[in-house]
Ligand SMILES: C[S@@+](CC[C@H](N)C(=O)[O-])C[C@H]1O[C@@H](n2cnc3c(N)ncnc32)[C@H](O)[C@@H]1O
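Starting off, we have a lone chain in the form predicted on its own, written out as structure tokens.
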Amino acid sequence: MMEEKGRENGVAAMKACYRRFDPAAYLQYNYTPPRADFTRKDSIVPWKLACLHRAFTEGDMSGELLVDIGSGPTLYQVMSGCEVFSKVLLTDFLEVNRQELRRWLQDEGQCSLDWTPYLQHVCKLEGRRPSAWTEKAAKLRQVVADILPIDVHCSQPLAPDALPSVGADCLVSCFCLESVSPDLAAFTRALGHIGKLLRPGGHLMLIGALGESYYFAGPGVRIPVVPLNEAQVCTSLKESGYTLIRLEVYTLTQDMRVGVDDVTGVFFVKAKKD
């Protein structure tokens, strides 16, 4: 009983941290140069986009439904997947992030970040002209069916009728679970919770921070993070019913350490639900 109370308190404290999350500041800190410099091979965002592109185009993905777990205010993580799956669901715990995503999807022109360079870069990865970004943007807007509230700490993270009874064919989740969990055990439980949304044999793509203990989600808004290493990620996946297909690691160069967090590396995982 005491252990469960402590668990609930830890999760409640994490949720409280997010009340001051500022989507515009978060995007500015992480999704502009140098971290999003498309002219550099060693920039972090192009690395993430290349990992996702490769994972989605290896030919082992099938089905119709892709669910993005904890989208935040970002869209880059589904730009390759929207070509493979005919239906995409975006999800986030925070209404401010869901609003940010809706603004782009409804093409209202008041977005906090211009996603054009991202769309152009993914088009290049796909062997298309960068000018095809307008077609890609239209495709993405067409396949995103909804933007839903989610709580990865609930054993049923989405509303019961949100998904078909068989579950999603693929999940993608970037910088979510370690950023909203008070400790490693909560991170592992959250992996198990989202696994319930995935059909057996379905794929999981996971991107997350290594060695990070905090990040800034706005001026003076410091959010604690579970500092993970590669071995812990692999163990948590195994304990949560996934088989690892691939793990890749990016180590931050000195100029990528821009003072908004203490992250040392980023991992990319492609796994399959047992």
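Note that residue numbering begins at 1 and tracks the sequence as displayed. The shown structure was predicted, so the numbers you read here are calculated from the model rather than taken from an experiment.
Below, we turn to the form predicted in complex with this ligand, even though it does not appear here.
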Practice task
Using the pose of this ligand in the model of the complex, placed onto this unliganded form by C-alpha superposition round the site, state open if no ligand atom is within 2.4 Å of a backbone or C-beta atom and blocked if 3 or more are.
Solution key: open
Practice task
Please determine, with the chain shown alone, which of 137 to 145, 198 to 206, 124 to 132, 92 to 100 has non-hydrogen atoms within 4.5 Å of this ligand in the model of the complex.
Solution key: 92 to 100
Practice task
Using the partner position in the model of the complex, report whether V180 sits within 4.5 Å of this ligand, counting heavy atoms only.
Solution key: yes
Exercise for the section: Check whether R20 has any heavy atom within 4.5 Å of a heavy atom of this ligand in the model of the complex, and answer yes or no. Expected result: no
Practice task
State yes or no: in the model of the complex, is some non-hydrogen atom of Y242 no more than 4.5 angstroms from a non-hydrogen atom of this ligand?
Solution key: no
Exercise for the section: May I ask you to check whether R189 falls inside a 4.5 Å heavy atom distance of this ligand in the model of the complex? Expected result: no
Practice task
Establish, in the model of the complex, whether S80, F85 and K272 all lie within 4.5 Å of this ligand, using non-hydrogen atoms for the distance.
Solution key: no
Handout entry: Residues from 141 to 170 in contact with this ligand (non-hydrogen atom within 4.5 Å) in the model of the complex
Key = I150, D151, V152, H153
